[in-house]
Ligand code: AMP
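Shown below, as structure tokens, is a lone chain in the form predicted alone; questions about how it binds or moves come after it.
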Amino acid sequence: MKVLIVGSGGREHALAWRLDREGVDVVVAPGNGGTPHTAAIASTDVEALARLARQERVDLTIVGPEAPLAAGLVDTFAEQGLKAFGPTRMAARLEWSKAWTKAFLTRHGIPTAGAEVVESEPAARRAIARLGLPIVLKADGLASGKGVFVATSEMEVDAAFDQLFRRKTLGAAADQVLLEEYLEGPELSLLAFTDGERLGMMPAARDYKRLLDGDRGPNTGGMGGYTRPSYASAALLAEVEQRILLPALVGMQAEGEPYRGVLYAGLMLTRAGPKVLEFNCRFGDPECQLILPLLSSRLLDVCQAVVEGRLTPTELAWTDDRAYGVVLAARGYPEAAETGQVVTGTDALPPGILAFHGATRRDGDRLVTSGGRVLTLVGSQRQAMYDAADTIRFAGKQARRDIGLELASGVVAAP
């Protein structure tokens, strides 16, 4: 079997690592400094990727990031008789249009925060005058995890407006902006394989979006996380499946866009129950790096079953372990990441520690940084993960030090 993985981050390295362990021949486009057998094709160059799949006689393509899904990769591949794992462009609208998704959730009675959609700063100011603070501002389109602003003061509102409306740092992604009710409670990432009708749940994860310890600083694409948070009880997971995930599948079918691939629900566990913060239409990053090491079943078999509409959730098997992961980020991330710094230490990690490359590239025999989230270090023990992370060197390295601290201290937030 030969599999093409589309993407260049830590998630794609984790997918390649897992399939390689299963004896699958893997090519990654465009890949990074840690992925073998790469092809220098942009993840959104759908036609070039289709040509590559034909030339390489690829049996299955697995799409990592959201942008190629939004560009219609799965649709194009299907038209050319190629198999691809992931939702169609219109099904992936659950991620690439937050305004559409908010309306979808409302139509189908799926619990979420209240929101208004605006298209200008004056309209946003009028809405905030009605709604009050704190408030969450979200760019409607794809923004690589950087389109969400939590504002608790007028100063923070103005800073968000500066990016969204004045400097337009997010471009067309912020042509529409959601002003969303501020929700309180622990966050939870819950991912599931789905063939459009059936769900195969993955271990729950807790993701850390803010750059700095204590959930301070700007939002990022994710600074780390861990699996199986203590508050993710079996009863809670069953509630999310019945009230959120399954109704979403039924709703997509009813609207003529059956959803296949990975459905990722970002949740807030409020006093009124779990509510949807966002849907993503693919594996999360860093959640993918945390979850795949726990999979006992063959990933290739699961992905093929999803694509062919024959998923059997009871055949999905996971270990009972917990995984911890911390992202090592470049200086300047998330605003303007510094690149070109030499990375050392990845070839001398202790047993049981995995290093998934994100923003790295090879420069001769050197490994150098090429973007914001450079590496994700993953292990089954929190302290071992951090000890290993401390042995990785590159100038300007940033990392949160509080990943999983609530578990280590015995103080766990609960809804």
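Since this is a predicted model, take the numbers as computed values, not measurements. Residue indices: 1-based, along the sequence shown.
There is also a form predicted together with adenosine monophosphate; it is not shown, and the following applies to it.
- For a residue to qualify, one of its non-hydrogen atoms must sit within 4.5 Å of adenosine monophosphate in the predicted complex; none of Asp59, Arg260 and Glu308 qualifies.
- Of the candidate stretches 308-316, 123-131, 290-298, 147-155, only 147-155 contains residues with a heavy atom within 4.5 Å of adenosine monophosphate in the predicted complex.
- At a distance threshold of 4.5 angstroms between non-hydrogen atoms, Glu181 is in contact with adenosine monophosphate in the predicted complex.
- Adenosine monophosphate is not shown here, and in the predicted complex it never comes within 4.5 Å of any heavy atom of Glu241.
- In the predicted complex, adenosine monophosphate stays beyond 4.5 Å of every heavy atom belonging to Arg89.
- At the 4.5 Å threshold, heavy atoms of Asn219 reach adenosine monophosphate in the predicted complex.
- Proximity to adenosine monophosphate in the predicted complex, defined as a heavy atom within 4.5 Å, singles out one entry of Leu249, Leu237, Ala113, Leu82, which is Ala113.
- With the partner omitted here, the residue from Met268, Ala99, Ala71, Leu142 that has a non-hydrogen atom within 4.5 angstroms of adenosine monophosphate in the predicted complex is Met268.
- For the stretch 253-291, the set of residues having any non-hydrogen atom within 4.5 angstroms of adenosine monophosphate in the predicted complex comprises Met268, Leu277, Glu278, in sequence order.
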